[in-house]
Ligand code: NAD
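This document starts with one chain, in the form predicted alone, laid out as structure tokens.
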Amino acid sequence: MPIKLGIIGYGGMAGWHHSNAVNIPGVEVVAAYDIDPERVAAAKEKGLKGYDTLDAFLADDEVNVTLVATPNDVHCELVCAALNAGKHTICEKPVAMSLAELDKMIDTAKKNNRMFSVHQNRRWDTDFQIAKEIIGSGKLGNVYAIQSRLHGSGGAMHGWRGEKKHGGGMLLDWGVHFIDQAYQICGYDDLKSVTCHTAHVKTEEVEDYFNLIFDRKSGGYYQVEIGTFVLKELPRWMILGDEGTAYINDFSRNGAYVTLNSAIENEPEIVMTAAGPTRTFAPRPVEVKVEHELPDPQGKWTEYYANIADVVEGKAELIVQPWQVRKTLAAILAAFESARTGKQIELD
């Protein structure tokens, strides 16, 4: 069964879906609904059926899959309306602003026997796939620290993403992606607790910086740091193991993993600093270190919609499962609680 996609909220992200989903065999974008007449007109200019009322949109029998791509605070009501109208439904992230909202969506999908998923598209980012593969490969030995960062210099968050009532802020905007990645790397039973600090650097109403640390049941920690006003960014990933170190500089395959050349025996020399000598932090000679190419994963974002098509036809299980999304949302809410109270919060 081909996907006949209808989009609720024909803004920037919806335009991205429209431009990219149509490149996937079996996916056609056919309709859009928006409360803004200009966006309805824009949808019509792109060849879609444009609707200015939700009821008329949901009555379109051609649409069999609905994408909700609106501000976060109205996701729940729109997702439930689409599911109750018999549409399989995809929701943009973050799926909800509370667990109660998400549970209502999950229950509505079950009641109507409809597919419900969330667009956690950054599971297919090249840098993440590299990080996941190299951690799982054992090439770094026992990995005791994973640092996942995103630094930008733009400063303030813009539009509704800078407004609390709409669910703005960095934790919900980008943290939802990176925490989803943490669960994908560590597994859904490994993250034990979270400690989080936030800041309002250039955005008064919502946090535009956060730094959180997950303690892991298996040992070590997983750090996520995202800031919009960092004028000298650090690597996107640093992965520290007892046999090697990996770094990935950005969203691409830009970096390496480093091990020691076991054929060369070397003890660091003593280095004098202004305050005294150190051997522990003396640099090793370059020839002792061996840089290796990073893996070259072949996963593509198109796998998300290909999976949706297979699920609708009953051929596959969802890749992005609602229970996984619920774990991520619960961790985000725990991070907010940690930032508010200054305490470490246990994860269920």
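Quick note: we count residues from 1 along the sequence shown, nothing fancier. As the structure is a prediction and not an experimental result, all values here were calculated from the model.
Not pictured, yet referred to below: the form predicted together with nicotinamide-adenine-dinucleotide (NAD).
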- Message: Looking at heavy atoms inside 4.5 Å, which stretch does nicotinamide-adenine-dinucleotide (NAD) contact in the predicted bound form, given the options 290-298, 314-322, 23-31, 64-72?
- Response: 64-72
- Message: Contact with nicotinamide-adenine-dinucleotide (NAD) in the predicted bound form for Glu92, defined as at least one heavy atom pair within 4.5 Å: yes or no?
- Response: yes
- Query: Does nicotinamide-adenine-dinucleotide (NAD) come within 4.5 Å of any heavy atom of Lys49 in the predicted bound form?
  - Reply: no
- Wondering, does Leu333 line up within 4.5 Å of nicotinamide-adenine-dinucleotide (NAD) in the predicted bound form on heavy atoms? no
- Applying a 4.5 Å heavy atom distance criterion, does His151 contact nicotinamide-adenine-dinucleotide (NAD) in the predicted bound form? no
- Which one, Arg161, Arg216, Lys132, Arg114, lies within 4.5 Å of nicotinamide-adenine-dinucleotide (NAD) in the predicted bound form by heavy atoms? Arg161
- Message: Please tell me which of Asn121, Thr259, Asn211, Gln184 lies within 4.5 Å of nicotinamide-adenine-dinucleotide (NAD) in the predicted bound form, judged by heavy atoms.
- Response: Asn121
- Any chance all of Ile3, Gly6 and Asp60 sit within 4.5 Å of nicotinamide-adenine-dinucleotide (NAD) in the predicted bound form, going by non-hydrogen atoms? no
- Task: Let me know which residues along 169-205 have a heavy atom within 4.5 Å of nicotinamide-adenine-dinucleotide (NAD) in the predicted bound form, or say none if there are none.
- Result: Asp173, His177
